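Only one chain comes next, encoded as C-alpha cells, the form predicted on its own.
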Amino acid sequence: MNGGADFSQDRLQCHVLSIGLLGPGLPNWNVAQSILSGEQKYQWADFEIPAVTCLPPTERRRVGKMVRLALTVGNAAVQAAAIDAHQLATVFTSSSGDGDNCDAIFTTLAHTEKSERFISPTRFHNSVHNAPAGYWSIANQCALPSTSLCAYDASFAVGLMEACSQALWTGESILLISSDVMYPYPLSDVRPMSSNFAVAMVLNAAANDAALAKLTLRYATELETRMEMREFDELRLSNPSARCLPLLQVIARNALHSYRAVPRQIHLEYVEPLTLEVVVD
C-alpha cells in the first residue's frame, strides 16, 4: 500500500477534479455540460485547433495538430482545477499519434531517388508516440513522471485505468490527456476518423470541494455503452478519444441536475473481450 491506496479490491476509485474538452460542436467543457445533459441542442461544427502559446517560439513552430490539440485540453483541465501543471504527473493516451507527420515520413521514404530520402531530425522526433508528453514537459517545465499509451480504440479507457492506478499509488493528482487527430489521405483509407477530438481530466484519489464525480472502475464483460441520441453516438464512434462521451454525459448530468445520490453505471470500450465498467457517483 502506498499513498493511502488500497489495491486489495478488484476495483479502483478516483475523483475527477476537472475536465478539458475540445471536439466538433463541443468547444469546451462548460458548453459540453449543457449539451450532454440535454439543456442545449447539439450541432456538429468543425473547429480549428488553436495555437499553443505556452511553448517557447522555437518549439511552437515545430508542433503539429496532435501536440496543439493535446496541450489545449490539458491546459484547460489544469486551469479549471487551479493546480500548477509543474506539480502534475501525466498520462497521455492516443490510438494513432501524429498522422500528418507519419504521412510526410512515409512519402519521403517512398521517394524513388535515394538522395531524396532524407528525414529531418525535427520530423523524426515529432513522430514518436510520446512527443505530446515531451512538449507538455517543456511548456510547463515539468520533470515529473509521464506515461504515453496506445491501445487502438480502447486508448481512452486504458489511459483512465492507468491514471487512476497512479493517483491511488502516489496519493497525488495526475493529469490524463486523450487525443486523436484525423489521418490524411491515403492513411485515412486504412484508419478513417471523421473528426479531431481530445479530452483531459485531473484525477485524484481524494475529493475536494470542486470535484465533479467519483469514479469506481473495474473490468467487466458487458457490452460497451451506446448513447441514446444518434448524433452523440456517431460522435462517439467518429474518434477513439470520443469513446469517453458516455462517461462525460453521466458526469454532466450529475453536475447540472444533482443526480449525485443515484450512481450511474456505464461500460467503456476496452481490450477485448473486456469492457471497463465505470460507476459515477
Partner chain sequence: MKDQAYLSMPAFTATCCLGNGLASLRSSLLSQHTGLVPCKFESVDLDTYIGITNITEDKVFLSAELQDFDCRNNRLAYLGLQQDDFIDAVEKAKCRFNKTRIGVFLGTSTSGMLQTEKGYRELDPQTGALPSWVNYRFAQNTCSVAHFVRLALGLDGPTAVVSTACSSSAKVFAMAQRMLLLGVIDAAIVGGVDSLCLTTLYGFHSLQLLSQNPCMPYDTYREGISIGEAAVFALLTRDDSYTPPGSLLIKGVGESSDAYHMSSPHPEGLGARQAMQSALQQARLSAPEIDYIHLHGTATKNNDAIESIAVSAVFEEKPPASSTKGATGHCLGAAGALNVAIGALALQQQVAWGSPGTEELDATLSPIHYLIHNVARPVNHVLSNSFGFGGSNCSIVLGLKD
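Only a predicted model underlies this, so the values are computations on that prediction, with no experimental measurement involved. Numbering follows the first chain given and starts at 1.
Keep in mind the form predicted together with its partner chain is missing from the figure; the text below concerns it.
Problem - Site test, Arg117, Asn130 and Ser148 vs its partner chain in the predicted bound form, non-hydrogen atom cutoff 4.5 Å - result: Verified in the predicted bound form; spot residues all in contact, yes.
Practice task
Verify the contact flag for Asn75: yes if a non-hydrogen atom of it lies within 4.5 Å of a non-hydrogen atom of its partner chain in the predicted bound form, no if not.
Solution key: Asn75: no contact with its partner chain in the predicted bound form.
Handout entry: 4.5 Å heavy atom contact, Ala110 and its partner chain in the predicted bound form
Key = Contact check for Ala110: yes, within 4.5 Å of its partner chain in the predicted bound form.
Practice task
Would you check, heavy atoms only and a 4.5 Å threshold, whether Leu274 touches its partner chain in the predicted bound form?
Solution key: Taking the distances in the predicted bound form, the answer for Leu274 is yes, it comes within 4.5 Å of its partner chain.
Problem - in the predicted bound form, Asp84 touching its partner chain (heavy atom, 4.5 Å) - result: Contact check for Asp84: no, nothing within 4.5 Å of its partner chain in the predicted bound form.
Problem - Partner-contacting position among Val202, Met161, Ala198, Leu71 - heavy atom within 4.5 Å of its partner chain in the predicted bound form - result: By the 4.5 Å heavy-atom cutoff, the listed residue in contact is Met161.
Exercise for the section: Let me know which residues along 185 to 214 have a heavy atom within 4.5 Å of its partner chain in the predicted bound form, or say none if there are none. Expected result: Contacting residues: Tyr185, Pro186, Leu187, Asp189, Val190, Arg191.
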